[in-house]
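The chain below stands alone and is given as structure tokens, in the form predicted on its own.
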Amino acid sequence: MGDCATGRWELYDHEADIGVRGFGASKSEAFEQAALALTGVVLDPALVESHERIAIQCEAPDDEFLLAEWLNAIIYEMSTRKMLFGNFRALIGDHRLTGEAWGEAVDPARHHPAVEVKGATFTTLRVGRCGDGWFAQTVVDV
């Protein structure tokens, strides 16, 4: 997985679906990067302007379920608000995540969304330490 302490994200193939993986110096940064990877399934996150902030809160019994809840909350906001997000902040503590997503309304002429993400799955769902950093990953249904 390389240097896990450097904030970055990546996609990986998993049968008919797509895996999302985030890395960071902290668990929170790995969750933020996993959210960027989620956006990366749809389009290049750099194309999304941060016009509107949406608050997101979730909780779960462990880190893996918290990652799935976080990503599914973002997917829900994308779907119901018809928005894309390109910037995220996640604060994690005591099995709770308080987060924010910044983005804008979908503009099909400018964004050209590739696919619609239906939800985060439990396939390859994992959060853990990696060298000096953290990683957070799962497969999303497209």
Partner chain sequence: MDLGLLERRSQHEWHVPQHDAMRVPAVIYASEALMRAMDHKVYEQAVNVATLPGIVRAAYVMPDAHWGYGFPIGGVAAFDPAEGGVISAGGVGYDISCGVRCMHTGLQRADIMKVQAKLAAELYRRIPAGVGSTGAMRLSDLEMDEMLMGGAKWAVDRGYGMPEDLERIEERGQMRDARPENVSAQAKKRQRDEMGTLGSGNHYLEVQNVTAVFDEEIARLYGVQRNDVVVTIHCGSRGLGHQIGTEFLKRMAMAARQHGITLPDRELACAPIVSDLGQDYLGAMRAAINCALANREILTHLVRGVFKQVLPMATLPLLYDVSHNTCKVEEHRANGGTRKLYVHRKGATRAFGPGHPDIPSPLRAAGQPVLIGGSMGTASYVLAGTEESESRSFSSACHGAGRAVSRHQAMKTWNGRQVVDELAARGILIKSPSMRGVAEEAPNAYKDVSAVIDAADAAGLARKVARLEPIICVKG
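Everything numeric here is computed off the predicted structure, so don't read it as measured data. Numbering follows the first chain given and starts at 1.
One more form of this protein, predicted in complex with the partner chain, exists but is not displayed; see below.
Between the partner chain and the residues 46, 55, 114, 91, the one pair within 4.5 Å by heavy atoms in the predicted bound form involves 114.
Across the proposed site, 41, 69 and 139 without exception bring a heavy atom within 4.5 Å of the partner chain in the predicted bound form. The partner chain in the predicted bound form comes within 4.5 Å of no heavy atom belonging to residue 100. Among heavy atoms of residue 118, some come within 4.5 Å of the partner chain in the predicted bound form. Though the partner is left out of this view, residue 18 does reach within 4.5 Å of the partner chain in the predicted bound form, counting heavy atoms only. Using a 4.5 angstroms limit between non-hydrogen atoms, residue 79 touches the partner chain in the predicted bound form.
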